[in-house]
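Following this are structure 1 and structure 2, which are two forms of one protein chain, each written alone as structure tokens.
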Structure 1
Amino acid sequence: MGPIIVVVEMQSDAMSPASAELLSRARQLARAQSTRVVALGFGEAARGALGSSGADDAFLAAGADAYVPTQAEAALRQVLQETAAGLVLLPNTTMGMDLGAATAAAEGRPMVAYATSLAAVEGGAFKATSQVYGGKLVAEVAVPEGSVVTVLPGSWPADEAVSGTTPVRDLVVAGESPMELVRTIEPDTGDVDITRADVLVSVGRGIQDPDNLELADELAEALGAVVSCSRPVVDAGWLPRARQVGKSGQTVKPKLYLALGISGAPEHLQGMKDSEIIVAINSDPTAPIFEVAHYGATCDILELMPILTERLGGAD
């Protein structure tokens, strides 16, 4: 079968952890299917990362110095046409959502999103499991040769060390881009950096009302913790974006992650499941958050927070 293409994503001048995870799995799968791994990166900054990616080959579309969805898609399609790829792997991030489905549709390839595992089966095909329905169900999917698969970050560990140098070939993408980058916006770190906290008191939809954030603040103070949250709280304008944990927010690994009223959508779990200890309180006992939490309870968080604060000797 044709090579396994891995689209590499950069994160502040280094390869993103999700990309490294994909490359590790791609090398295993390539060995199983006796094929090669070809990496594709965008922008000059990716050249170094591609060289030490452990892939057999690499393409660099260095035309634009930053990621532009249309240009990246043109580059990926060019690589696919040149290499007759047997499998295309992308992280299920913004980039993966941009490129995965579009490339699959344009090239007539099957597509599987939200994969959390991927294994080779006999005859050049693969089998994936994906999280669907907000993580409430798992789908086991037969992945035919040539498919495009986007994989949720953190689905498997990355290899510690990669030896050897990968030759990097420059890719010239022809044509005008209908889309141009206006500016990049660096994260608003706000008043606190939630990625540095040892303990996070993280609130979700279950907080119900912005006034109840006071309870979380008091608890955090009593715990010496920082308040973070899930996406709905930010979208409602109750907390600044800098406090958001998850796919479009921060990835955190505190010693204790106290999830209050967070149901645990896959996008949220992505940002916190590697925390050392996770305690989840949510009224719905079937909430996916309990799948990753170490300890859980279904009591009322609005009742729990003041009691806990008091027990910890904080404000009454």
Structure 2
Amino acid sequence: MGPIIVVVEMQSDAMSPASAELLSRARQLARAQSTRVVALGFGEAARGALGSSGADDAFLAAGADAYVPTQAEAALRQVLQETAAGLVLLPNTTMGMDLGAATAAAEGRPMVAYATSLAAVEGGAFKATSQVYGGKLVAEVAVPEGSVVTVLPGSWPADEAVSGTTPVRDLVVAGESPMELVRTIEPDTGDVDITRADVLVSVGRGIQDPDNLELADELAEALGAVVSCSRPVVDAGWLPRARQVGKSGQTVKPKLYLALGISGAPEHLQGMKDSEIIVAINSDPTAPIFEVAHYGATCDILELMPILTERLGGAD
């Protein structure tokens, strides 16, 4: 089969964590299918990231300073024609969904979006698991050779060590783009990256008052954890969006996810259900969070948090 193309997205002049995850998985899939990994980046700032990506080859569309949809689509289509790609992987981000859908439509290729897993099968094809209807259902789909797949960030770790240098070839994209980049608005990443935390103390509507966040902070400190939250806490303005877990927030896979006062709406479950161990505390025994929890208890989190902190040797 043809090579696996990974479209690399940059974030603050560095490769995004989602792209690093895709490259790690692409290398595994390429070994299983006896093929190569080819990375594609946009803008001069991506040159260094491509050179250390661990891909077998890389293309750089250096003409643009950053992602411009029409330029990126032309570049990706040119790479597909030059390499006869067997699979195209993009992060399921604003950029990835935009570019993936446009390219699949223009090239007449199948597309799978919101994928959370991807495995090689015999005959040069793949099998993906995709979330549909806002994460309410999970579909297992066949991914024929040549497909375009966008993968939700955090679906697997970027755990492979990369050595050596990837050769980077400049890609000259023919024609002028009718679009140009006006400005880039960087998202508020906050003071921590919850997708990298091994332990998360996540609070929901049951926290009741912003003053009670201090209890979660103390428990997190005792556990060596990071505080995250569900959407109602962000909507109330109590924590920044960078701390939100769920479909409209971050997808996380910590070793321990402690869900405190979180009911478990499908949008939230979509972002944390693959955590290694989920412990749910909620006063409502029918809360959906218990359906994905490995351990659970029905009690008042405001009474429980100080006790846990004390038992762990935390705040007085």
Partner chain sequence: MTLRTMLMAATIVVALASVGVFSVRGRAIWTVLRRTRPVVRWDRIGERLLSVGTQVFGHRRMVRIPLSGILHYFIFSGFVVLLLDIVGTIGQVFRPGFGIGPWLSLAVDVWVALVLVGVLMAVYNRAVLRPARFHGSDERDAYMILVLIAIIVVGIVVHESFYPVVAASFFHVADPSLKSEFLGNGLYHVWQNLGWTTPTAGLVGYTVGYLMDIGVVFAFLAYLPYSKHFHILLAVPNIFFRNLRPIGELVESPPDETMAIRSFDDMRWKDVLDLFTCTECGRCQDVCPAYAAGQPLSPKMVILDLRDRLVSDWGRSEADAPPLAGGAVSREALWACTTCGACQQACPVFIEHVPKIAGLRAALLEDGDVDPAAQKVLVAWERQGNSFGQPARKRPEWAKGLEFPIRDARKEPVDWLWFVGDFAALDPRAREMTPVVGELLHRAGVDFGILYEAEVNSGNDALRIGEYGLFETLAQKNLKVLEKATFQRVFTTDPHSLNALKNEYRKFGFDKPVFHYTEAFLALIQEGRLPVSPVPIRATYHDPCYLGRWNHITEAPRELLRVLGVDLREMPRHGEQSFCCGAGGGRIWMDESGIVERPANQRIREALALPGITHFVVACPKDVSMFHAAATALGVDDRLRVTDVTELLAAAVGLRATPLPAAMAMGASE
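Each residue is numbered by where it sits in the sequence of structure 1, with counting from 1. Bear in mind the structure is a predicted one, so any value in this text is a computation, not a measurement. What we label the rigid core is the largest C-alpha set whose atoms superpose within 1.5 Å from one form to the other.
Form assignment for the chain places structure 1 as the one matching the criterion, namely the form predicted in complex with its partner chain. Superposed on the core, the two forms barely differ at Phe42: its CA moves less than 2 Å between the two structures.
Once both forms are fitted on their rigid core, the CA atom of Ser248 lies 2 Å or more apart between the two structures.
For Pro306, the Cα coordinates differ by 2 angstroms or more between the two structures after the core has been superposed. On core superposition, Asp284 has its C-alpha offset by 10.0 angstrom between the two structures.
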